[in-house]
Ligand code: NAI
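The chain that follows stands alone, in the form predicted alone, written as structure tokens.
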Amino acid sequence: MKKVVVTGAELGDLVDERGILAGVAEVVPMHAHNEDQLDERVLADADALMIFQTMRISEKTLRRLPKCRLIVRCGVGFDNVDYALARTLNIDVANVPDYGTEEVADSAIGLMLSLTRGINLLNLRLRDAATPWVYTHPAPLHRLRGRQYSVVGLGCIGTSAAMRAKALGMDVAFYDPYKADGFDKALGIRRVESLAELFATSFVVSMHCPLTVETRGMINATTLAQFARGSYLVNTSRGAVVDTSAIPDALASRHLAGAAIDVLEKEPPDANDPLLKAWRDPSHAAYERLILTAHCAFYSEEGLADMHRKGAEACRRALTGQTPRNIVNAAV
């Protein structure tokens, strides 16, 4: 019997994994919070490995997987796996790119609306009984119809967010140099050829790209200066795509009218993180104009179930000789 090792801090009961892999592989849980806690003896027998968001797989672990032919990152982002080295070791790395598509897109739009309609700001101010009960606190607000919603990264989630913004009547534009021509026509949205052009004309910039060498720190003090004054930033992609230390100044100067950040490079962040300090400071603009959430844009009970089920299905395909899907290191 082959073995599929499922590792992470919170695994659940693994009922779906065991049901899907019944007769094909034994499902072996390994409760570990980080790479140093992985059991080398269990890894040595693994034919496939399923990991989740917080588990990093580096060379140290990859070289302890002599039998493994597939690592499934049960989620969208796969930057926590050294997938290039895995390729040299003949290990496929797959992700589950569609488990939380709707949830993240819904969250991105919800965060945008909370900012652009003044919902977050009003909710904070009106808690103070001395605050006048009037609509003008977030003024000036502007109608969304016709304003530019800009998507960086037109994958499954970026496309879903784009369609939601389009349904609101927004002028949707995107930047994605890896997307083939024709998607703009098929979706009825606009392609923009450079980030600088996209940022300069945006009302809302919504990040939906993976974390790569190219995208790390893509949003920083220099690129924020290219944003149209009074625009908004939403990041539900990967934390390191945005240099969050540049956001407090952009909010304080009102160059950014607001920002919503669901993902951070370090989670949980340090208490002295500049972003958190500004967010918690009632005298700083970030107190009212910055929304932080704890990497939860993906979450729904149905999405969690999809993550486990589709990860196990990927292992079953690999272990029964079927053509694998969603291999992210095939061309490395």
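A quick note: this is a predicted structure, and the numbers were derived from the prediction, not measured. Residue positions are given as counts along the sequence shown, with the first one as 1.
Missing here is the form predicted together with this ligand; even so, the following discussion is about that form.
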**Request:** Give a yes/no on whether residue 178 approaches this ligand to within 4.5 Å in the model of the complex, heavy atoms considered.
**Result:** yes
**Message:** Is it the case that residue 279, even though its partner is missing from this view, gets within 4.5 Å of this ligand in the model of the complex, heavy atoms only?
**Reply:** no
**Prompt:** Is there a heavy atom of residue 284 no more than 4.5 Å from a heavy atom of this ligand in the model of the complex?
**Reply:** no
**Prompt:** Hey, in the model of the complex, does residue 82 get a heavy atom within 4.5 angstroms of this ligand?
**Reply:** no
**Request:** Check each of 152, 74, 170, 251 and return the one that places a heavy atom within 4.5 angstroms of this ligand in the model of the complex.
**Result:** 152
**Prompt:** Of the options 275, 68, 297, 291, which one has a non-hydrogen atom that comes within 4.5 Å of this ligand in the model of the complex?
**Reply:** 297
**Request:** Select, from the options 99-107, 221-229, 132-140, 118-126, the stretch whose residues sit within 4.5 angstroms of this ligand in the model of the complex by heavy atom distance.
**Result:** 99-107
**Residues in 199-216 with any heavy atom within 4.5 Å of this ligand in the model of the complex** = 208, 209, 210, 214, 215
